[in-house]
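Form predicted alone, single chain, as structure tokens, below.
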Amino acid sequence: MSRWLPWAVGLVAAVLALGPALGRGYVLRYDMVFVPDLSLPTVLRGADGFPRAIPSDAVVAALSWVLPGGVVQSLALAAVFVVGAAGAARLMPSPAAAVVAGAAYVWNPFVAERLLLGQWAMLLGYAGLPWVVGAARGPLAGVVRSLVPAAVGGFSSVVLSALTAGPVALWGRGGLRRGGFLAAALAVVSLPWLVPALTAGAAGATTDPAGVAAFAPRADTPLGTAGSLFLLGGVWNAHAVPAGYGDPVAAALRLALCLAAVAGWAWWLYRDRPEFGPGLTAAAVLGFGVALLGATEPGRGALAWLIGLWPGFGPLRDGQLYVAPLALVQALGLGAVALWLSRPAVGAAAASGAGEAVRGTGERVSAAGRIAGAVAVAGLALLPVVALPGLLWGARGALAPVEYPRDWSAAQAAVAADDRPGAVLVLPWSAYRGIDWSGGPVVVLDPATRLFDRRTVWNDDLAVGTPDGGTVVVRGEDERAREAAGVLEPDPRTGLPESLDAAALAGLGVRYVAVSAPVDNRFWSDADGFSVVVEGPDMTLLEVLEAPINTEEADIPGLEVTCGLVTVGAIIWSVGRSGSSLGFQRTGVERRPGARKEIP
């Protein structure tokens, strides 16, 4: 029973947190975009710019061959809670501590805010961090297998895994060998996105330093930016903060919980000295330091200089991401508090003589003391939920599923039925926008960018509001999108052009134009060279009658397919080498003495 208890805790947490999101339909919010019948070949072909989403989109597309897209989304979201809770639980030495640690690891502001940003793939990598920590000091096969969630999560997940498990692997005797194992495993699981980044258009992609100010952490509690980061909040987008989280009472309760967690972690390190303890502590301190860089003007200046020097420093822009190791430390620290509370009381309780039980150690303990300890542990497991009720039941309705309109399905089917080459240009010319049929005021990456089974051209610039009411535009990485913007000259208010030029669009390799919003003015009606394929209140699909030039509909590169197969083969080898569990073995312990920013 105790073996399955952590998994059950994660499942309960998933149901409580997701609620309606597990029902029929698709949850659309910011970066979380699932569509019916996502095309695997199109995902593997990719586009210009850094291929961050290739691993997660490829897995979703592969699963969508056998399951409806909405079911795939529900499974992916639930996996964040189940895998994360079970992983944190495995690092604790007792069932009571395991339950508390598992619950705390998946129910905290970091998970809530990233979920409300729609970053499910990154959260899947976050869920895998405890498994990587548990395997980092073991054989190579266990390390590769533990990185499966990071392999699906992609770029950010691999970076977090390296930050969290790197110090764990390097600490102590034999650290260089273990560090080599970890580096090799990280390289193997990174092949699906790393090779396209180095061999295709992404090799010349640039990272806009303006993103440093846009994605810097912000205070979402009365404790300021540093305090908010310590509480595992501080995300850059004000609309990703759970309801009620910034209230003084909730912040004070969360602060008390975090302080108790840090104290429990220190006590556990001193008492049991888990072998991963020093390395994980170093990772948490390092990650917190990286997160703080964006909280000060000199730190932001340094980050902008580093990104201008080399775009590879771009991941440091979103500093709040790097409090993930601290989240694991705090979860295990709360588990350690439960470990301390579950030790039966000695002394006065034993002297009362009522209901005494004898342990193997010879201690005489009262049954009342054991019951009190169990009640205290149960209360501690529920405290994260009490301190963060805004995550309950789909974040109070913020994660509600919707169905795609019929117009969208008709447009998808029409494009899929055409075997001629050519891309789809997506309008309005804005990456993130409100969807009228979504049932609520939600901002989401336009789902039309992933709806079709061919290359899409869309505006990958990101406009982020600043605390003073201004806007910072973080330039995108897709070269063809910049060319299209010059041809369209769209109205910045509506994202729609005054007219369309079929010849110019054909020169960009565009076969179709998808207008994924209701429009008042038929800006294509006076233009020659277009045919209306689908026209409805929610989607209009136009065909460019001129033969597209420079279609660049190349086959999927064999090298990239080979890299994907190498990654899958390495994972299968690791499973066969040492069993089916994500981790190499249950991690034991070594007992020894002694301001508002948002996407408009």
Partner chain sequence: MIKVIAACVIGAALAGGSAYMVTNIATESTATAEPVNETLYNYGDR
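These figures come from a predicted structure and were not determined experimentally. Positions refer to the first chain, counted from 1.
Just so it is clear, the following notes concern the form predicted in complex with its partner chain, a form of the same protein that is not shown.
- Although the partner is absent here, T207 lies well away from its partner chain in the model of the complex, with no heavy atom inside 4.5 Å.
- Looking at T494, you'd find a heavy atom of it within 4.5 angstroms of its partner chain in the model of the complex.
- Looking at T296, you'd find every heavy atom of it more than 4.5 angstroms from its partner chain in the model of the complex.
- Of the heavy atoms in F215, some are within 4.5 Å of its partner chain in the model of the complex.
- Out of the listed residues G179, G507, P139, P389, P389 is the one that sits within 4.5 Å of its partner chain in the model of the complex by at least one heavy atom.
- With the partner omitted here, the residue from S190, T456, S516, N237 that has a non-hydrogen atom within 4.5 angstroms of its partner chain in the model of the complex is N237.
- At a distance of at most 4.5 angstroms from its partner chain in the model of the complex, none of the three residues A282, F288 and L321 contributes a non-hydrogen atom.
- Contact with its partner chain, judged by heavy atoms within 4.5 Å in the model of the complex, is confined among 84-92, 410-418, 521-529, 372-380 to 372-380.
- Residues of 25-42 lying near its partner chain in the model of the complex, listed in sequence order, are R29, Y30, D31, the criterion being any heavy atom within 4.5 Å.
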